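In structure tokens, one chain follows: the form predicted on its own.
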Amino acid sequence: MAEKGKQTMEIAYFPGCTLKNTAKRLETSALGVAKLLGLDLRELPNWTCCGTCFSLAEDNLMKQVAPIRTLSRAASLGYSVITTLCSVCYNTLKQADLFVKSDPKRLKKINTFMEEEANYEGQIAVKHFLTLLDELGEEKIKEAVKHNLNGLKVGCYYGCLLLRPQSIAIDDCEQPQIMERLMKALGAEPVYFPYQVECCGSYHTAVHPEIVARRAYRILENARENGAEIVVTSCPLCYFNLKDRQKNIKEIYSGFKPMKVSYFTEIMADAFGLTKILENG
């Protein structure tokens, strides 16, 4: 974890669509721990969808308008850093930012599409909330702990979009440790399991739930085999596939035993004694 440092500046916060609906617990717990740690997150006014998925077509500049508009609005309000909790939102915003920064012609053209917005000049740093916590420092996290987790064995599940492509990864794409450092600071015992960076099945859940159930089974059982008592994640889609698809897993694998799945921020809220936030989330 990075050296402990002071965090006094205001940080633009982009929630994204899911955190206002099915992933409300992720937002509620995150905002609670951020406030306790002194991270001044300010939700962007009039935010819109990030665009959901980064377009791989380099000539599809219109697909980049949604994420760049978000960055433009944050920059126009004077922010230098924008953070998000959703892995999909982070991946989309970060890749779009690098996409336009690498080619001034692209940026100029996209700015012409956004004639009612201030020109974006690439002045925003896109950081996932986990990165902010890592920069804050391990000692700062430890100071906030009121309920030590007493060696709770946690399997940290990253999935795809926090670590791929490598250009936007928040940690090593094969052996990440950023969530593990956080869990250790909370008093938990992170356990390594090989499937922690495997895809959960993503949007196949909408049309092929049985495929996702089989993938989720392998991930959860791999975590269990390596000693995990709980699996934590950051991605709302991963959370749904690993937690809510367990009913589908039982239909395929009769001997499957349920595994608890939580957002990493819920574990933090528990350790910080923010039980009312969890109850109301």
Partner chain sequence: MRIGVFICHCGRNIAGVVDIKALVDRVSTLENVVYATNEMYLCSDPGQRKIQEVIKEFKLDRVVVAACSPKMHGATFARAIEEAGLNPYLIEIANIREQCSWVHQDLRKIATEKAFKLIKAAVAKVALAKPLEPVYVPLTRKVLIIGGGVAGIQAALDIANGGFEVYLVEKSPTIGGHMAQLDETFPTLDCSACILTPRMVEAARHPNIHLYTYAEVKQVEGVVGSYKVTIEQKPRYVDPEKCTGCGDCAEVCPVIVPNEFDQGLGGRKAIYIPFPQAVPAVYTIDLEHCLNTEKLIVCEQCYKACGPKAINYLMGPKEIEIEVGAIVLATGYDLWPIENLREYGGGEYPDVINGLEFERLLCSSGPTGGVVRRPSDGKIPKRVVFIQCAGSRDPKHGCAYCSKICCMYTAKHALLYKHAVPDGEAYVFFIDVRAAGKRYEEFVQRVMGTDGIKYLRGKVSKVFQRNDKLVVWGVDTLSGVAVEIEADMVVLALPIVPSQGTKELAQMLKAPTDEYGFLSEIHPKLRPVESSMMGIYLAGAVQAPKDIPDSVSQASAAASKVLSLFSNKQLALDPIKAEVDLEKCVGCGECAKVCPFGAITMKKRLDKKKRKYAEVNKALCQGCGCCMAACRKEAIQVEGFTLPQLRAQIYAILDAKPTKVEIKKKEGGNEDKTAIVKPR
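Numbering follows the first chain given and starts at 1. What you are looking at is a predicted structure, and each value in this text was computed from that prediction instead of being measured.
Unshown form predicted in complex with the partner chain; subsequent notes refer to it.
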Quiz item: Counting only heavy atoms and a 4.5 Å cutoff, which of 173 to 181, 73 to 81, 116 to 124, 132 to 140 contacts the partner chain in the predicted bound form?
Solution: 173 to 181
Quiz item: Looking in the predicted bound form, is the partner chain within 4.5 Å of a heavy atom from each of G187, E189 and V231?
Solution: no
Quiz item: Do V197 and the partner chain come within 4.5 Å of each other in the predicted bound form, heavy atoms counted?
Solution: yes
Quiz item: Heavy atoms within 4.5 Å of the partner chain in the predicted bound form: does T112 have any?
Solution: no
Self-check item: Partner proximity in the predicted bound form: Q166 to the partner chain, non-hydrogen atom cutoff 4.5 Å
Solution: yes
Self-check item: 4.5 Å heavy atom contact, E43 and the partner chain in the predicted bound form
Solution: no
